[in-house]
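Here's a solo chain for you in structure tokens, the form predicted alone.
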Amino acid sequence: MEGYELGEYIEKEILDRLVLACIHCGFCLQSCPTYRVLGYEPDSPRGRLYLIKSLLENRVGPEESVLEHLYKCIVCRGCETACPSGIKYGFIMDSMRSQISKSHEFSFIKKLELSIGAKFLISHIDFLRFIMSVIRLSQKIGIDRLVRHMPKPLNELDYLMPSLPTSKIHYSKIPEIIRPDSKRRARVGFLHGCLMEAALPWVNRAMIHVLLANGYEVITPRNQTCCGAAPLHEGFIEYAKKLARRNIDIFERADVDYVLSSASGCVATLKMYDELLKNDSKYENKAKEFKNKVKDFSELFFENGFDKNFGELDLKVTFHDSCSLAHAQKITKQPRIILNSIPGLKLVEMKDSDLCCGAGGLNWILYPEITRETLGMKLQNAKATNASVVLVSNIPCYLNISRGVRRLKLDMKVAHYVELLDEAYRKAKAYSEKTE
């Protein structure tokens, strides 16, 4: 946020001033998934802002009953899109959670869940890749069916078991440098992500195929790390800064023209590095230069143009606007324009396409009841379109909606929209498999 550093501690006067900008008009209510599910004012954006103000003024203490309302927030930022006052709700929530994590003693279980999910796993990508390979193997031999009969919260782990598009269990690492067969258009630095590369590796390969088909050289630097989204949103801001500095250094050495990721949540976080490292004497300017190179995939193709030599896809699809794309990046039209270039593809809009599916951050396992209810609304709207495919741009949406489709046995599939572009290019022409 302009003028302020997203840091471990924000002065009370600054946060207080930001919170006071809320005029309590209520426009945010229907854009908030937790309020629509619970119908309880403290679980709405304006209610949470009032709680934050009460905490800052010491009118309430940091009891679990108070903090629970703040941590139930998915930080989808749908309220920011709806807010006529332009409140930077995500900034306020990230900053407040950071201060809470430093001053409040969570229960052992809560602390463990936050630390494993927001710090350990995302920083050990090879270990995460191994875990997901084991999970895919369990799917192949049918053990995954036992997950839903396990005790809570382990019965929610089918979230990590999307339908497999191929028979592959293990995916080799993406080559560090992949050159296109045609004349090079530009050098793209590819952030493969942590959970995306571990859980949905075929999506990363599809995006690289599409980039190669359009003449981009793809650089996937070794030793890159998580974008920092999980620690940032769960209150570990200093840890998120550490990851940001590492990625900036690694991609700077790669000397690329653009930086991309297949997960719109990663892209949204990369675009926050300048805020995250504001007033960092060594990295402030580096972060600004880095941000200028970061593009959402649809942005890059919309701005630079793309090869429209697609094969025909006889499909009816609907598009779920992932929060990190629609609300954090304010991107909605670009993916639709690109998709409408595919012959035979019929894109049908669903009701409330930009309403969160409920799976952001760690909420799917910390507050599964809210995720289930929110997902139910999303699936009802998707089903009403009679589409055979629900398209997404971010990994939590892919995993969560896939789980809902599987649990309810709906006759539809879930895909990242870049997978359809890859399929359409494959139907039009063959291009070399350089990432398999």
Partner chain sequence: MIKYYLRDLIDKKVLDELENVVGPDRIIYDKCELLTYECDAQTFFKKPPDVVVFPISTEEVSKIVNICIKYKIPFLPRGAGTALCGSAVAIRGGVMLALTRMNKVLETDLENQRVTVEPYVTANELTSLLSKYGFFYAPDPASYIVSSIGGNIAHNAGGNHCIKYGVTTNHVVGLEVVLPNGEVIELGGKALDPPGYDLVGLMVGSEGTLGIITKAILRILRRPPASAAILAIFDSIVDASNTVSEVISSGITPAAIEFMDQLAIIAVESGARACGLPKDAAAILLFEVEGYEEELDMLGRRIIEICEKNNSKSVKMAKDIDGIARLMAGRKAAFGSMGNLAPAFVVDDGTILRSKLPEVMQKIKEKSEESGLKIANVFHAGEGNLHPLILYDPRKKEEAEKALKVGLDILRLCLIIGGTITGEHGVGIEKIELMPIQYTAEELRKMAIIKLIFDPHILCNPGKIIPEKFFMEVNKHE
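Residue numbers count along the first chain shown, from 1. Because the structure is a prediction, the values reported are computed rather than measured.
The next section is about a form of this same protein that is not shown, the form predicted in complex with the partner chain.
> Heavy atoms, 4.5 Å, the partner chain in the model of the complex: which of 212-220, 83-91, 189-197, 259-267 makes the cut? Say which one.
Partner-contacting stretch among the options: 83-91.
> Would residue 22 show up as a contact with the partner chain in the model of the complex if we use heavy atoms at 4.5 Å?
Because a heavy atom of residue 22 falls inside 4.5 Å of the partner chain in the model of the complex, the answer is yes.
> Within a 4.5 Å heavy atom cut-off, is residue 59 in contact with the partner chain in the model of the complex?
Output for residue 59 is yes: heavy atoms within 4.5 Å of the partner chain.
> Is the gap between residue 387 and the partner chain in the model of the complex 4.5 Å or less for some heavy atom pair?
Result no; residue 387 lies far from the partner chain in the model of the complex.
> Hey, in the model of the complex, does residue 38 get a heavy atom within 4.5 angstroms of the partner chain?
Within the cut-off, so yes.
> Considering 51, 399, 370, 379, which brings a non-hydrogen atom within 4.5 Å of the partner chain in the model of the complex?
That would be 51.
> For the stretch 257-272, which residues lie within 4.5 Å of the partner chain in the model of the complex by non-hydrogen atom distance?
None of them.
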